[in-house]
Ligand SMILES: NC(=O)c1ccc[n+]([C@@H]2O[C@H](COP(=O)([O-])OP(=O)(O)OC[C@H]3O[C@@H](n4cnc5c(N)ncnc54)[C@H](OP(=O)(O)O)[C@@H]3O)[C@@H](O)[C@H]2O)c1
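First, one chain by itself in structure tokens, the form predicted on its own.
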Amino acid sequence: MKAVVVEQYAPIDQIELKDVPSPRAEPGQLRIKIEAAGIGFVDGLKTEGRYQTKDPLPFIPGTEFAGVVTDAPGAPGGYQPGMRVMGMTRSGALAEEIVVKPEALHPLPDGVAPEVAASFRANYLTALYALSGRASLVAGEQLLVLGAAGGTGIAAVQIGKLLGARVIAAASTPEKREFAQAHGADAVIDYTQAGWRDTFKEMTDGHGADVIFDPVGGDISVQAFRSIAWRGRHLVVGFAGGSIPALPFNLPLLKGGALLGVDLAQIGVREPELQKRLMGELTGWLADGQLKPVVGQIFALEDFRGAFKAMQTRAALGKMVVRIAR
């Protein structure tokens, strides 16, 4: 089968598409023909060996995928050959086939394209877990989404609206702000402007942000926390801006605010029942059309480097997807 193979941690230009043996299936596992794989910020860090945990070399990158079950001895988890699924795994999705345990999969609702499914689970589960499971966002609250045009950011905009919040999307360019507004944001703000916090204060009638969804990091995180409402919750989702901020501890004291970590990789292990419930909510919204996941650009497998490069640019809108087979 064809697969992207990381033999040494390196920039994506040095990573190759190779012919490799199909993975062996162990008892209780299923074989999936992958139709599409999503490319996220974490995937780029992993290929370069800069993620907080390193995959043993060599490895096939890619954590999120959609496809069709082709082999299911004993029907583990109730899955049968021919069933359409979406899944998440530690690695291995940028390939024509993958072998996984049933816990890694979720049935795909009818009518959902694989490219949509491959850009869905990680971003939207992160957003719903953060906003509902961690911050307990309620209808009528003010939600500030940083990096609102990125994959997790635009998911938080859409989920925030479904939960009834007033969503203010923060993004750095007019195109990104228009993108966020087109997908449901009630208002937008340019956080690169020197006086953006004053503008934000006016937007919220002096109230501030009840919840801050923050996949960006850097100095903007500290600035945003200074604009948090009393008893507000700041969700630490990632550091796409490149640097990990240092928050002065007097700010949570003065604001009565809480800093809450969001790590998608740990939800299934530490809170499996919550993950199951949240995925049920998400797929219900997906099936009935309330939620329409945002796909950025779609690339052929042979152009996988283009997907990584597009994802890593500050101009990226939504999540990048690699189409593998149809």
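Note that residue numbering begins at 1 and tracks the sequence as displayed. Just so you know, these numbers come straight off a predicted model, no measurement behind them.
Another form exists, predicted in complex with the ligand; not displayed. Remarks below refer to it.
Report task. Find out whether any non-hydrogen atom of residue 60 is located within 4.5 angstroms of the ligand in the predicted bound form, and reply yes or no. Result -> So residue 60 does not count as contacting the ligand.
Query raised in the report: At the 4.5 Å heavy atom threshold, is residue 215 in contact with the ligand in the predicted bound form?
Result: The answer is yes: residue 215 has a heavy atom within 4.5 Å of the ligand.
Query - Proximity of residue 42 to the ligand in the predicted bound form, heavy atoms at 4.5 Å - result: Residue 42: yes, in contact with the ligand in the predicted bound form.
**Report entry** is_contact(residue 142, the ligand) in the predicted bound form, heavy atom dist at most 4.5 Å
**Finding:** So residue 142 does not count as contacting the ligand.
Query raised in the report: Quick one: in the predicted bound form, does every one of 112, 119 and 298 get a heavy atom within 4.5 Å of the ligand?
Result: Not one of the three qualifies.
Requested in this report: State the residue from 229, 240, 165, 108 whose non-hydrogen atoms include one within 4.5 Å of the ligand in the predicted bound form.
Outcome: By the 4.5 Å criterion, the partner-contacting residue is 240.
Query - Among the candidates 89, 204, 132, 172, the residue which, in the predicted bound form, approaches the ligand to within 4.5 Å (heavy atoms) - result: Contact residue from the list: 172.
Query raised in the report: 30 to 38, 282 to 290, 259 to 267, 66 to 74: which one contacts the ligand in the predicted bound form at 4.5 Å, heavy atom to heavy atom?
Result: Within 4.5 Å of the partner lies stretch 259 to 267.
Query raised in the report: Heavy atom within 4.5 Å of the ligand in the predicted bound form: which residues of 133 to 152 qualify?
Result: In sequence order, 147, 149, 150, 151, 152 come within 4.5 Å of the partner.
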